[in-house]
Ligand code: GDP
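The data below hold one chain only, encoded as structure tokens and taken in the form predicted on its own.
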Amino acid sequence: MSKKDKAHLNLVVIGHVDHGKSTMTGRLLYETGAVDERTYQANKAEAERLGRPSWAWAFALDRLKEERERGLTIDIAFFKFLTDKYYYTIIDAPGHKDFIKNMITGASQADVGMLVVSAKKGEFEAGVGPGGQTKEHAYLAMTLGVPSLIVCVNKMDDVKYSEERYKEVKDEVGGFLKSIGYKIDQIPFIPTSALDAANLKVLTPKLTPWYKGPCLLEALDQVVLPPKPTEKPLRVPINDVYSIKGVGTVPVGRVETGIMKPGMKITFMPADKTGEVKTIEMHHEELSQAVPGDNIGFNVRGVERKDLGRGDVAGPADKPPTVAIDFTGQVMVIQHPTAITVGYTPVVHAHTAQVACRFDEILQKIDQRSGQVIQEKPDFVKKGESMVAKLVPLKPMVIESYKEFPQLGRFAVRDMGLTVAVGIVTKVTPR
């Protein structure tokens, strides 16, 4: 089967900094033939020259020179590979907390999340401890609606493939994932070592005789495809806009709902500009139509590049995306040094938009586990608590109700370089 015949899925690789995400991803690309031997040998030689031989796999991903020298993944990198069943695009999301903005963009486009957790003593504890990204990334994946999750308990070579350590990590991470709403019985926990390729392409019973689950490639093949919301109106949040000589204006984004076809009249909101779709491309191939999940570039006539920007959303001219005067959401506070009160104005990230929004009213405080109302109109809501709140965007913003458009109805609240809260939109007052 060629990639054209396979269903396409986006995989986001998440987890704490230094837990081996890039190494794991690089090894996966090599094992599936997406990175060839020659490239690997060149990367290996460079890694050895830098005195860091184990970085050779990560170099497959970190093409930016600066990243090689710092050993950190900064931007989101896109890579493609094939399993027996699917055609995957990997979104390698940075684990370093400064780069969580990119992580949010990555996770909001993913169908599957691969959470990489180091089994190494000290590293695992740092990831799940205060300020660690293991929990924050898992929270975000849940709230941003990454439907399937696979956990790689990585660096098993560091703990001599100890079943006891694997169970310890699995229990702790599993308990946490369960508490935020993931169905644990549907999540494979795979003991892996990116350096030894343990349980990646095939099971390695010599190293982990006690493990009876799937290897990573099998787990990726076992992912159940969510139905594509093709019957809904088109929504394409814009990531970037280019002006290409001889072609014209080319917005780039991922189709979340509906179908886009050449000849369609589309309106971009909140820019309020209407044009006609001329051509649609994905991975440099022209498409006769684009469906949910496709990362596309499309040429649009009648709209100039300067009129559009990241955070705009394209939809049909007769059913354009909703621009909110205000919106009500269920918000879960992950971390905040004090508490959230009325008047608080952080930056809200929804799909590709980032807009300052004011907490206008806190309507209710809710029990996070049961959804029961604890208090009406509380004065403040603090870390670990949930609320129903009304937010007012300080500049025009497209946001939709979660029920109708899940991918455009989720948001993250960021302030002071942290994700302080995450939420879903229950109601929008259109302008």
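Heads up: residue numbers just count along the shown sequence, starting at 1. What you are looking at is a predicted structure, and each value in this text was computed from that prediction instead of being measured.
Missing here is the form predicted together with the ligand; even so, the following discussion is about that form.
The partner is absent here; in the model of the complex, the one residue of 350, 152, 314, 194 having a heavy atom within 4.5 Å of the ligand is 194. When you look in the model of the complex, the only residue of 218, 281, 158, 136 with a non-hydrogen atom within 4.5 Å of the ligand is 158.
For the ligand in the model of the complex, the listed stretch (399-407, 372-380, 35-43, 22-30) containing residues with heavy atoms inside 4.5 Å is 22-30. The ligand is not shown here, but in the model of the complex it comes within 4.5 Å of a heavy atom of residue 17. If you compare C-alpha positions, residue 350 and residue 137 are 3 angstroms or more farther apart in the model of the complex than in the form on display. The distance between the CA atoms of residue 26 and residue 282 is at least 3 Å longer in the model of the complex than in the form shown here.
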